[in-house]
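Okay, so here's just one chain, in structure tokens, the form predicted alone.
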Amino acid sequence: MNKFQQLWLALLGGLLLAAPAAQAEEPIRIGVILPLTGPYADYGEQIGNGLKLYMKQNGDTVAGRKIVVTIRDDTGIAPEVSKRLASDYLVQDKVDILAGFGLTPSAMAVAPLATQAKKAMVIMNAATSVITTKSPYIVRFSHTLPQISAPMATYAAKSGIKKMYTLVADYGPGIDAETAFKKAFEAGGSQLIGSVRVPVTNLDFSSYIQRIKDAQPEAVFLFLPPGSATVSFLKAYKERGLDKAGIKLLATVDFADDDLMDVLGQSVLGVVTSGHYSMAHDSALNKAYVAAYAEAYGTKKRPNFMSVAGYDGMAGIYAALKKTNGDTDGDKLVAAMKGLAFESPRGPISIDPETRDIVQTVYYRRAEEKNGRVFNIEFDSVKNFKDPGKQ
């Protein structure tokens, strides 16, 4: 072997040894899509706050690789915008993981792209049951509407309510909520005497409220996206005297969103909701989370179920990357998330290996005043509850 060949082999060996080190130093890129402007901007802010808080507490390096997160605005219910942002992430930015998705239309639009690119896609809010079936690369760390609606139907039946009316937003999550509630409520021999679906952007509920009042149900079950719609509904509910007529109001976590409680104030007292997180959840981990959130973002903004989903979504990504030793292959990451279980500020959660959907405790909460502020106080629960929409 001549000197030239020896030099070439030495150089080649050096390159081969350097390749793994260079790969290890390459950052892991996470492309997050959230609504940051428009009527659902609070969704994006809360989810973003949660994921950034997790990184603040746990650092930006996993398995020796730096985590780089980019967050972009899809403006709300704009599936084409979400799809374009995801495409840019995958083609131009070469992201390793897609995450976020505040609303169902966003998640549904991006699902085929995740499948085509074979990239893990982590859902941090969008709650229509069918989402995880749209791509084998989707894993959800938030909730589904059937998961929190069916327990409310059980509560209503056990409370002796026989005649119910439902009002839901007319899109995937609302239809899921209505379907799950109706199935569980009528299974016990009770009667749904009326139902109405309203446009997802509707803010005038006066005619719907009157229709409900005329039907004279014992209670109304409600699902609306949290924000202006829920505030408007409660105002109309009070103004039209449904509370004085004895028509109880039962709803999902969205209605009594923790971050809305200061706005709803005294008017929401006594309202019973079902959900997977309350700022008032009594655990050491949640108390630490609430304190850290206040330190990071101030006390005027309360952490809510969306912030916790952002926090837990990042916890899931970190845990999966540790299991794969930093390998971002989509199939390996999803396999690492299947069966993942850990303690969250909301309580114990896990990922169903078959559906890639979250399994968690669903709590019954009542709006009560404590120390001059209104909170959702948990009084009962259903543990380890899977999404009934897939059963």
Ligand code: PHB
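The numbering used is simple: start at 1 and walk along the sequence shown. Note that the coordinates shown come from a computational prediction; the quantities given were computed from them, not determined experimentally.
Omitted from view is the form predicted in complex with P-hydroxybenzoic acid, to which the following refers.
Undergrad: Between Val271, Leu167, Ile138, Leu103, only one gets a heavy atom within 4.5 angstroms of P-hydroxybenzoic acid in the predicted bound form; which residue is that?
TA: Selected option: Leu103.
Undergrad: Which one, Ala126, Ala180, Ala315, Leu321, lies within 4.5 Å of P-hydroxybenzoic acid in the predicted bound form by heavy atoms?
TA: It is Ala126.
Undergrad: When you measure heavy atoms, are Tyr171, Pro225 and Met306 every one within 4.5 angstroms of P-hydroxybenzoic acid in the predicted bound form?
TA: Every residue of the spot touches P-hydroxybenzoic acid in the predicted bound form.
Undergrad: Whether Asp254 contacts P-hydroxybenzoic acid in the predicted bound form should be assessed with a 4.5 Å heavy atom distance threshold; does it?
TA: Residue-level check for Asp254: yes, a contact with P-hydroxybenzoic acid.
Undergrad: Using heavy atoms and a 4.5 Å limit, would one call Leu145 a contact residue for P-hydroxybenzoic acid in the predicted bound form?
TA: Heavy-atom contact with P-hydroxybenzoic acid at 4.5 Å: present for Leu145.
Undergrad: Which one, 240-248, 307-315, 127-135, 85-93, holds residues whose non-hydrogen atoms are within 4.5 Å of P-hydroxybenzoic acid in the predicted bound form?
TA: This holds for exactly one stretch, 127-135.
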